[in-house]
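Only one chain comes next, encoded as structure tokens, the form predicted alone.
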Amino acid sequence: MSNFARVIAAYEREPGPLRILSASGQLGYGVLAKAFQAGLERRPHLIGADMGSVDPGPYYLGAGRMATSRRVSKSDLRQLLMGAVGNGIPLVIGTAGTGGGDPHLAAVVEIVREIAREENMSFRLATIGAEIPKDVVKTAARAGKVRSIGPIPALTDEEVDGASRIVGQMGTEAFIRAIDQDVDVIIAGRACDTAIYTCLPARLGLPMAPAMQMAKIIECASLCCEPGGRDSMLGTLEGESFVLESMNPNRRATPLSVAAHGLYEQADPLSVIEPEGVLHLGDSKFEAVDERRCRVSGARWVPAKQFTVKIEGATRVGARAICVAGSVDPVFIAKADEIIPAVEAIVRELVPPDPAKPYQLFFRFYGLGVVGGQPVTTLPEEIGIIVECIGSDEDEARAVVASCKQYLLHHGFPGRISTAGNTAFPFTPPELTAGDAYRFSVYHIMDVDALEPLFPVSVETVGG
């Protein structure tokens, strides 16, 4: 009998509080062992962890690469597999390998197989694919079943075809199908973070509202605590409410910290839209159990009349090179708005863009309102400078940035005192190549009649 089957059978014989351990807010950056071990001692019914998102930008989805190092990712996966499989606890991992596409999922499964061989482990593994065929997306778009998120343009056939890959964000439904394949471990492609933790409660027929709200909070581990952290977090479902507790004794889940965290990341902070429904948070209640634990209740779940899937795709736009510099020259800093267009004009004359595909050039003077976008009322004593070029290839991007470096360094301006140079460079060479550049070309909501065909489940026995 698999770990999922064993846990389900035991719970159906003797229902009670359901304990779910969030091992990490995102695998690949290190799982704090002491807190994770403390979580294991609480005998959770499920261990879950997210492994990716769109937060690192479009590059990883488009390039098919992980944002995290393979070394740390393997260490984290080893710790979770040994803790879960070794103790007969089901394990669920979502958005494998940062982007959740086929290459990301394959890379993570390869690591898992290596760990199984090295540790002489054997378990049943389900994988869930998340890449959406482009013809499916184009058909839906032509039928008016795809709508943009925010300022993203309406989806065209050209944008779909130009994307390196397109993934759909699966919900709870796909994980439940995987559970029913008699498995011990589930590793999914692009997924809603909540689905990692709601799949077992949903499979057991427990109320969806508290399960979904709890999942929304614990997917970031102890980030909802005072002080916030990445330590493992235990959520305990108790009927229509749940209790939150960090596995680090120095972190406190208070009503204020939990409420503040539970209302973020949404255009409407009082509703969370999932493929299968909407979670309404307006009547939520947050009560202190003690100094370190908080009980939450009052959420409401409304099943969807129309299934929806968020789809994401990234398109290559060129190769990137950057130059990093700084300046303490007060006159240079004061005249930055005049210097930038003058240097750019010289560079575009010296390195002419291809009219058919001109390069993109960006000057960012940190300290002069780049991050916040607000007017600077008092000039800083020093600024950081990043010059970025996105060209058709690496050679073009590097050539443009190198010319920018040289003419920024020696640009003449009224009031200049020294001709030796306007800027200083922390690295040599100052111009650095940064690989391919991508943009999100697909960032839309797609109406679907059925979720199952989009997210196929495959099962294998690993090790043994």
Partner chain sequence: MKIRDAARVIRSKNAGPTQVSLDLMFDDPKLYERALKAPSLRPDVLAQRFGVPEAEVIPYPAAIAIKIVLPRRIIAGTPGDTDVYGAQQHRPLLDIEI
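Please read these numbers as outputs of a predicted model, since none were measured by experiment. Positions refer to the first chain, counted from 1.
Not on display, but discussed next: the form predicted together with its partner chain.
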### Query
Should F36 be counted as a contact of its partner chain in the predicted bound form, where contact means heavy atoms within 4.5 Å?
no
### Message
in the predicted bound form, is there a heavy atom of its partner chain that lies within 4.5 Å of any heavy atom of V376, even though the partner is absent here?
### Response
no
### Close approach of I149 to its partner chain in the predicted bound form, 4.5 Å, heavy atom
yes
### Query
Might I390 be said to contact its partner chain in the predicted bound form, defining contact as any heavy atom within 4.5 Å?
yes
### Summary
Answer key, its partner chain contact in the predicted bound form at 4.5 Å (heavy atoms) among A154, A143, A345, V371: the residue is V371
### Heavy atom within 4.5 Å of its partner chain in the predicted bound form - residue from R65, R439, R70, H410
R439
### Task
Go through 166 to 174, 131 to 139, 237 to 245, 251 to 259 and give me the stretch that gets within 4.5 Å of its partner chain in the predicted bound form, heavy atoms only.
251 to 259
### Message
Contact check in the predicted bound form: D55, Y264 and Q360 versus its partner chain, with a cutoff of 4.5 Å between any heavy atoms. Do all three pass?
### Response
yes
